[in-house]
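Just one chain is shown here, as structure tokens, and it is the form predicted on its own.
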């Protein structure tokens, strides 16, 4: 029994009872009693299912630069830790980021065990060399992408955690693109071949205009090219391993395009005037990508693969032409969905790819 004497609490023997510590912090909550909703039909407790009540409020601007979790009670006097320069929603948001994150983590697979590597032996030497060349360039692109995205993560506000969670899966998937095709190049002793000219690598690595411009370069343009290369390799790959590797990587590329389209569309909805800057950026990056493609190494290697050897490169080059046409069409479609119609604004190099004149040999 606790007795009260002269304002102090004592136990039954008269010994003073220690005062409780200050527990006022227990009242510092913005959403006590708000319960997450488990989604029906097997959806489970997804990241979007947590967005209820106060936690469903995604502000247009987040002033904190101290890793304050969205919905947490801010601590007075908390300092900043640097970074997180992109604090406005329009600079990074996508309504689909939470869903893309859930899909990415549910589609787990490993190049080490899920690709039938033993089916890729015994190919003709010319086809093997061509595959090693394509694998080298795809590996390089994956390495660049993982570096670019991971570099930007420190600048995106943690308050928009759905975006950061999804982009963390992109870093992993870009690494998987890198290591998957590095394994393919090394499988039969061919190894790494020539690197690309690197103009697109510089365009996305050194993009200081903003994250949105980086997204356009990475996934509206380069991502469209990667998608078509993988799509054609999934059909014309000379072995089951080559086809399976390409096929499994395609969903990763589709998710990045979905984020890019959704993000750019959202940014334009908030800042319509920004579309002019986006168009100007795309014009410059189109030229960089077209100049990379003018280097004959990649297209000739693809022609050897698609034609089944050097002797049938002419037939293979016809397939490459069709693939490149599809690339520009895919790029235009992504831009249109994002609210950036480019049909009448294509630079001459991209227009030449679209109409098939870019790689024609003079008579």
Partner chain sequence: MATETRPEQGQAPVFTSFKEMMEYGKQNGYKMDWLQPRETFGSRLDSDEAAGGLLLQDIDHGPFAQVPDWSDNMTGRPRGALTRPNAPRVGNYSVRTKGDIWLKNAAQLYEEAVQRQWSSAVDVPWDEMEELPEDIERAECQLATFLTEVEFVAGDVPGKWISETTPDYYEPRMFLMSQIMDEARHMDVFRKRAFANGGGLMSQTTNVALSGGAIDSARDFTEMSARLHISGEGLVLSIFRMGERMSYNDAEKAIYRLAASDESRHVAFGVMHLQYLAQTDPERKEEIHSYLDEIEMGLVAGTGGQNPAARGTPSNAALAILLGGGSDAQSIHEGNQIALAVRQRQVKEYVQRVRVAGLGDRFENGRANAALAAYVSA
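Between two forms, the rigid core is the largest collection of C-alphas that superpose within 1.5 Å. Positions refer to the first chain, counted from 1. All of these numbers come straight from a predicted model, not from anything done at the bench.
Missing here is the form predicted in complex with the partner chain; even so, the following discussion is about that form.
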| item | value |
| --- | --- |
| Whether 179, 235 and 305 all lie within 4.5 angstroms of the partner chain in the predicted complex by heavy atom | yes |
| Option touching the partner chain, based on a heavy atom within 4.5 Å in the predicted complex, out of 91, 242, 286, 128 | 128 |
| The unique member of 140, 214, 257, 87 whose heavy atoms fall within 4.5 Å of the partner chain in the predicted complex | 140 |
| Touches the partner chain in the predicted complex: residue 210 (any heavy atom, 4.5 Å) | no |
| Any non-hydrogen atom of residue 70 within 4.5 angstroms of the partner chain in the predicted complex | yes |
| Residue 273 within 4.5 Å of the partner chain in the predicted complex, heavy atoms | no |
| Proximity of residue 59 to the partner chain in the predicted complex, heavy atoms at 4.5 Å | no |
| Segment assignment from 277 to 285, 215 to 223, 111 to 119, 259 to 267: heavy atom within 4.5 Å of the partner chain in the predicted complex | 111 to 119 |
| In the predicted complex, residues of 139 to 171 near the partner chain [heavy atom within 4.5 Å] | 140, 143, 146, 147, 150, 151, 153, 154, 161, 164, 165, 168, 169, 171 |
| Per-residue C-alpha change between this form and the one not shown, residue 296, threshold 2 Å, rigid core fit | no |
| Rigid core superposition, residue 69 Cα moves 2 angstroms or more between this form and the one not shown | no |
